[in-house]
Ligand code: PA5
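Shown here is one chain on its own, the form predicted alone, set out as structure tokens.
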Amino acid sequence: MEQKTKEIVAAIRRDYDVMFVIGIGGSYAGSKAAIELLDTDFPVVYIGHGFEANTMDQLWEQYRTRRVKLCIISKSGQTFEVVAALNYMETKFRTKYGADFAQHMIAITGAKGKLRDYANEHKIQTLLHPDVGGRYSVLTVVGLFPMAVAGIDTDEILKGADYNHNQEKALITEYAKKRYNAYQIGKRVEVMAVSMAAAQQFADWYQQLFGESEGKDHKGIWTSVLVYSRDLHSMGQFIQEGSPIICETIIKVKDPCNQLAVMNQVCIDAVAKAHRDAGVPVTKLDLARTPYDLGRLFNLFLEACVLYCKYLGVNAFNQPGVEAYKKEMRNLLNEEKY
């Protein structure tokens, strides 16, 4: 990150007790994955990724007496969930901070758009959202800023992402080819399994990355997120002996060595072998709980996704289908049915 951005991060950590982040999709998934997986020392709370009034009320009640910073992340500022959450938080901030409410906000947004206009009107501090789709933004200020506020070493994240040795490049190509080959032989569901609940948000980030990138022209593989060993007791039977439509990626998260951790590692190795023996194409990757290794895996999947979509023959960077439900929402709201 730029030095100016690092100074903003330091000021937030010094002057506030918690940062709320409004964002949806790629505007929150990657940074939230890092924060849930790695060691942090400053609370970052995510809102605005749904229309859940109860959750918003509970979170505000929990933190309303604390010094709260609000970060709004949206390239355009027009997403329904973001607009609704910002309206909610503006009311709370006006009550808490008075006329200076906007001085306790920061926006990460594009050079133009509704959020940029809102920030200019209220003189809100801004950082520039790069001109990339949200699902590809985890290694930009969109993902790195919340990580840094939480206390994650983002320089190490970027060092891991810049790991460009030939071995890593070969792994990216191999992963993309294996996924495409699975599609070619009729695999239509991918299980993205992680070996601990703390990594589930990482799997959710992966799910959006691939789902929104490849699901076009009636092509693509559906990604289903599971946590092992927990979900082996609900879906393990189907993966082992059910309809042969599944391929699998397993992320084996390395944890400090103790009895439970050893059991977990043995479980993951056993599952991978059993599923392979049953004819399921399995890719097993290791992930150390360090910023460097997480950055490496972020980059691996980002690059592999683009390459895989090229093999598949779809545009990895657009998402025209997402607009369908938004159009229907606009129609219903305009008809005043709600």
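Numbers follow the displayed sequence, beginning with 1. Note that the structure is predicted; figures quoted are calculated from it, not measured.
Keep in mind that the form predicted in complex with this ligand is not shown, yet the notes after this line are about it.
Although the partner is absent here, residue 79 is a contact residue: one of its heavy atoms lies within 4.5 angstroms of this ligand in the model of the complex.
In the model of the complex, this ligand sits within 4.5 Å of a heavy atom belonging to residue 135.
For the chain shown alone, residue 208 is a contact residue for this ligand in the model of the complex, at least one non-hydrogen atom being within 4.5 angstroms. In the model of the complex, this ligand sits within 4.5 Å of a heavy atom of residue 75. Residues with any non-hydrogen atom within 4.5 angstroms of this ligand in the model of the complex fall in just one of 168 to 176, 251 to 259, 182 to 190, 67 to 75: 67 to 75. Along 21 to 47, these residues reach a heavy atom to within 4.5 Å of this ligand in the model of the complex: 24, 25, 26, 27.
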